[in-house]
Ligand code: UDP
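This document opens with one chain alone, in structure tokens, the form predicted on its own.
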């Protein structure tokens, strides 16, 4: 029941203190460990807030989420989580942070509501790739699967969701509660905190990390990055196929980064097709 990312309220409530922001910076400085070269997820945290807070907040959660100790993961895993000396408890520091008015499901329904778009569910790409002609393909699946795992399999982490509806108005005081210690699940989400819905019942989701199931997260380790680079070299030689997204580029992206990558990819596609672009320009004129 403490704020994460770690901030002023986190430390004051955890230790029963009444520190100011300036005092908290000195508190962190007294606990930091010197790390000559920050390479791992563990290095990031212990060099910022020290070993004790690393054990309390980060190590157990990270081991559950990724299936390996933070000392074996790339520094990017924990570098994404800020540490603050004020009372800002938001995960992101962006000036503008919003949720789609009708939720993400409705947003994608509207994006896909076009007669030129056809969706095939429960369909394996490998079963149809030879039967559907294309001029350009945007591929967002696992890059190793595209090449039929010819260089070996890239590891991905997945999640198993357990959905629960309870006959009570509220289960927890905030939308998301992380469990960094002994439970098998990493967090519980209670949606009405996000949507503002009023109801005498409440819906929750428990998240259980796993190695099986749909791939969600590339595993950021040096040997995995090296293998991906070999697949990236293969991908760069494939004509008219554009590899986009978490799985195809083996990178963790937030939603705004995904949108940015999509727009940047579209611009590169247009630039690489001068004939098509000139025809479109003539039609516009």
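Positions refer to the first chain, counted from 1. Not measured: the values here are computed from a predicted model.
FYI, the form predicted together with the named molecule isn't displayed, but the following is about it.
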TODO: Find out whether any non-hydrogen atom of residue 224 is located within 4.5 angstroms of the named molecule in the predicted complex, and reply yes or no.
DONE: no
Open item on the list: Test of understanding: in the predicted complex, would residue 77 fall inside 4.5 Å of the named molecule by heavy atoms?
Closed with: yes
- [ ] Evaluate residue 187 for contact with the named molecule in the predicted complex, applying a 4.5 angstroms cut-off between non-hydrogen atoms, and reply yes or no.
- [x] yes
Task: 4.5 angstroms heavy atom contact with the named molecule in the predicted complex for residue 250 - done: no
Open item on the list: Only one of 140, 85, 205, 178 gets a heavy atom within 4.5 Å of the named molecule in the predicted complex. Which one?
Closed with: 178
Task: Heavy atom within 4.5 Å of the named molecule in the predicted complex - residue from 191, 134, 147, 91 - done: 91
- [ ] Choose from 228-236, 256-264, 25-33, 51-59 the stretch whose residues reach within 4.5 Å of the named molecule in the predicted complex, heavy atoms counted.
- [x] 51-59
